[in-house]
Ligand SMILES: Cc1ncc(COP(=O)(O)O)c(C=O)c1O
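Read the single chain below, which is given as structure tokens and is the form predicted alone.
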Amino acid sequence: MKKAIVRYTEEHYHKLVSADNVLVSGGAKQALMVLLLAILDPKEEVIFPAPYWVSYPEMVKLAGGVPVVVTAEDGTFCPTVREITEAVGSYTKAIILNSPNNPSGTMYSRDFIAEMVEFCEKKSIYLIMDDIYNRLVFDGKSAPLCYDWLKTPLEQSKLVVINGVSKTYAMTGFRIGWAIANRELTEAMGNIQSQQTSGPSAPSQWAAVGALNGVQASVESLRLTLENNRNIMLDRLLAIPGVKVAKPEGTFYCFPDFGAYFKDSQKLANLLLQKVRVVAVPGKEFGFEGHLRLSYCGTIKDITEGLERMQWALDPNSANELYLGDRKLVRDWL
């Protein structure tokens, strides 16, 4: 498994690492959790931009740290380097960047990543790159590679890359992820993990080896499917009056703003689930109220029907009745 990850890192990151730099975990989530347990002392801070993956704050707190969220002043999903560095203080231990981003699909620019690598090297702060979606990128773009700007040798570096097979290879249930870091940190993470779960299951590791070393055509097929699904979802969302949406550059999520209808994203999500059987995740869980995270990794039929139901539920100018199979609904709650 480690040999496959070493080869994968050389091919896709253009970085030669040793097996001693690799920790294989029960998913990228465990790799990140044992990393936080290995580096954080009580009350030390971890900075990450909003919107953020829902688990970041809780994982930091579970490791005894303090989450520090940075929200862009201009209301976008991309805080500036200045906004992030101004949040750095004497207790700052790490910065987490997830690009492309869950939930927004936003991808940070090359200049942004380059400046963050340089800043963290200069300040001796851990920079944690959550790259779990870094090959699911659209419109002919590619994700910036953090190693391109790393000047410090890996063994003296505090750069950590988190990745796994769950998204790129559609292998979520196999629970295989990894971290690449300096040897001392990798050993510490391994010691913690050995007391938690011993290690990831052998059958899952063999499946992941097959994915990493096998024919890669399925990755491009998945990427193209998701890009097409994204385009369909965007078109449908923009047809709903009052909805604002930023075009996702990667992942399989969209994060539209429904604030024109509901400021409380939890109430909106509950309404859509109860009234028209559409599942969405409230934006407040990602640090952005008024938004919903929608997934476009399903079928085109699921996407179009789901958004038709949402529009019917929200747009007072749509037909008064909706049929879900043999069940007639009347919009009477707005």
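Since the model is a prediction, treat every value here as computed from it, not as a measurement. Residue positions are given as counts along the sequence shown, with the first one as 1.
Note that the form predicted together with the ligand isn't included here; everything after this is about it.
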Point to revise | Contact at Glu45, Phe48 and Thr85 by the ligand in the predicted complex, all three, heavy atom at most 4.5 Å | key: no
Check your understanding: What is the one choice in Ser142, Thr172, Gln216, Thr152 with a heavy atom within 4.5 Å of the ligand in the predicted complex?
Key -> Thr172
Revision key, fill the gap. Note: exactly one of Val70, Ile39, Ala28, Leu272 sits with a heavy atom within 4.5 Å of the ligand in the predicted complex, namely Ala28
**Study point:** Distance check, Tyr56 to the ligand in the predicted complex, heavy atom within 4.5 Å
**Key:** yes
Check your understanding: Taking heavy atoms only, is Ser166 within 4.5 angstroms of the ligand in the predicted complex?
Key -> yes
Point to revise | Contact flag, Ile132 vs the ligand in the predicted complex, heavy atom cut 4.5 Å | key: yes
Review point. Leu292: heavy atom within 4.5 Å of the ligand in the predicted complex?
Key: no
Point to revise | the ligand in the predicted complex: contacting segment from 97-105, 114-122, 194-202, 234-242, heavy atom within 4.5 Å | key: 97-105
Check your understanding: Looking at the ligand in the predicted complex, which residues in 139-155 have at least one heavy atom within 4.5 Å of it?
Key -> none
